[in-house]
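Have a look below at one chain only, the form predicted on its own, in structure tokens format.
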């Protein structure tokens, strides 16, 4: 009894002394478990490619509190934040430490002054700041001295439905100065304007999914009267929710859970989707049950960012997940979640990247979460960069390092198999292709392995063939001789 009592007191003392530390560790721990998908499409634990580094509020940078911020953009030097509820654009230095400028009041060309009303989008190029001034139903092009260069309002065109209001939510511009805007109530693509602000048309509309219902409705409409057709629910494409631009391509995303083929698109200058013919999907492979809300949440890609090295970062506003893909749409990492703790979001609204960091704006927490690349993430990115630029042999050791650290990382098996294939090690290429579940790559390696095997052993095979033929002839002759006797 004495020993039991002493042990009991020891446990109590440990809890009292270390209880605070234990609680602190639980609070500071990441609110999510890093995962990826194996070759069967099942979610498996995985090494983290990014970890949450810090959060930044308006007060932290000296700009007072943000109020429902909607967009964030990095021009290579500074960040620009569309602080929607405060009707302003906030410029912050590249380290997110100090506010550099706040844009609230602008001088029009006639000398009058104007202010913003719930601006939801911002983009900067060649010292021109493009602002989606949503509730003022316009797009402003201003210089750094707060002078309005161009004001774009509702188009007066037969192409634009006059019954629709003009509600720009996102804005970007290409190298030629053409302007593209995501409109909140338009599903026919981005509105496109010339550098002078003239309406050109719509660009990159999403397709209508060819569901069985849609096909059935099409044939039924052939035999319907005009009145019945008017009462039927129209099949319309889903609207674009976010976009980014890199080189000569525009990348768009949609938040609709019913759209499968156009969740993320890569559009060329003609508006053709480069990803259209690829068998790829974006977001979670399978819907996961949310025990906190007793429902299965639908994926909703609200914003997209293309990093300097071409990686595609997709932000899911419902699950709070960030999905990172390489330029060929191979899934690299998944991070983030909906949670109160650091690294979690309430209502993520925009995503941006700069160097080794990813920045996520939260319109409810009114802050920015900074994710930084881990050593594992750096190894994967280095391997992918070498692999995608054709340095397959040079990427091999890096792929081996990735697999040593994470045996569930499917992409590394593919990378290793392809690197070994290009190196001429067809036998081991077959081994890793099988582990990756890549039948196409396995067949290529097997074809080369068979060809080399036949070439190297043709003499032996021919010798065995001749011996076999001679032996068969011998047996046949012997059999005939036996019959004659």
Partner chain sequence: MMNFTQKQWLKYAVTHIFEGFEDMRWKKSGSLKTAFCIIVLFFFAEIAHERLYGFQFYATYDRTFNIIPYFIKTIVLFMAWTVGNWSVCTILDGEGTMKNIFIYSAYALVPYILQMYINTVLSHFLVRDEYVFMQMIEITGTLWSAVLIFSAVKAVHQYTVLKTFSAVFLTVVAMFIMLALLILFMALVQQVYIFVSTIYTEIIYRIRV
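Numbering follows the first chain given and starts at 1. These numbers were taken from a predicted model, which means no experiment stands behind them.
There is another form of this protein, the form predicted together with its partner chain, and it is not shown here; the text below is about that form.
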- Message: Please identify the residue among 425, 38, 67, 64 with any heavy atom within 4.5 Å of its partner chain in the model of the complex.
- Response: 38
- Partner contact for residue 438 in the model of the complex: its partner chain, 4.5 angstroms, heavy atom: yes
- Message: Is residue 442 part of the interface with its partner chain in the model of the complex - any heavy atom within 4.5 Å?
- Response: yes
- Hey, in the model of the complex, does residue 419 get a heavy atom within 4.5 angstroms of its partner chain? no
- Message: Using a 4.5 angstroms cut-off on non-hydrogen atoms, would residue 434 count as touching its partner chain in the model of the complex?
- Response: yes
- Task: Report yes if all three of 103, 105 and 308 come within 4.5 Å of its partner chain in the model of the complex by some heavy atom, otherwise no.
- Result: no
- Message: Pick out the residues of 41 to 66 whose heavy atoms come within 4.5 Å of its partner chain in the model of the complex.
- Response: 42
